[in-house]
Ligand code: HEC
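Here's a solo chain for you in structure tokens, the form predicted on its own.
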């Protein structure tokens, strides 16, 4: 029997420890004020689960004890056994075997009699607890609206994640240069690059890159290189000898990446009235 009690105590202790660790981890990961109530709710649920486990463990160990005590000589005189019987009766409100006739129905089925047992108090208390919890939940979430619903909480998390993404993108954009720039292909970036091109570059290179004062950007010939790194570098530092200004003081690194990517997409578009090729032909990879 000592082994049973030790195992029960160890299981209960591990459950409580797990609940405390989980609660601490949750507390560390949720710093927003809106999550404080949710944290307390989570802790309460964990405690509730631990209590339920305690009740179940008591019930199981009681049954095991009763079975084992029947096999032991003089078990009916065991103080520990008597204590467990009292605990069992307080939790289950069970009628002793010798008094079952007082709650037995008169009818029987195939010799099986039915007992008019009460609902176990532990079950009733848990049921009442769920009722109280549901009332508190409804008032908190749907009446007072002091805590966000799951959909609202999801939207809040998405908004916070978006802010983190934007902050990360700004950090990356600040470190963007001609050595690590990459081609962007999403519609938003290309359209942004197109708008920047029409606004700042079309005067010299034409509305669709066909060339004018500046060279044609739609053919395979390039004066300063036609890779995304070369184009970015040309946009960034300009070509002062040819009258092209350095755009690094007027455009962000991200803007220069977008417009450079848009210029790359103009390759092979063959617009009308295109200027004759200049520079060296870009080798195909």
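All of these numbers come straight from a predicted model, not from anything done at the bench. Numbering follows the first chain given and starts at 1.
Missing here is the form predicted in complex with the named molecule; even so, the following discussion is about that form.
239 is the sole member of 54, 253, 46, 239 with a non-hydrogen atom within 4.5 Å of the named molecule in the predicted complex. In the predicted complex, residue 223 approaches the named molecule with a heavy atom inside 4.5 Å.
Under a 4.5 angstroms non-hydrogen atom cutoff, the named molecule in the predicted complex lacks residue 181 among its neighbouring residues. The named molecule is not shown here, and in the predicted complex it never comes within 4.5 Å of any heavy atom of residue 266.
Under a 4.5 angstroms non-hydrogen atom cutoff, the named molecule in the predicted complex lacks residue 209 among its neighbouring residues. Only one of 209 to 217, 141 to 149, 109 to 117, 156 to 164 places residue heavy atoms within 4.5 angstroms of the named molecule in the predicted complex, namely 209 to 217.
Of all the residues from 120 to 145, none has a non-hydrogen atom no more than 4.5 Å from the named molecule in the predicted complex.
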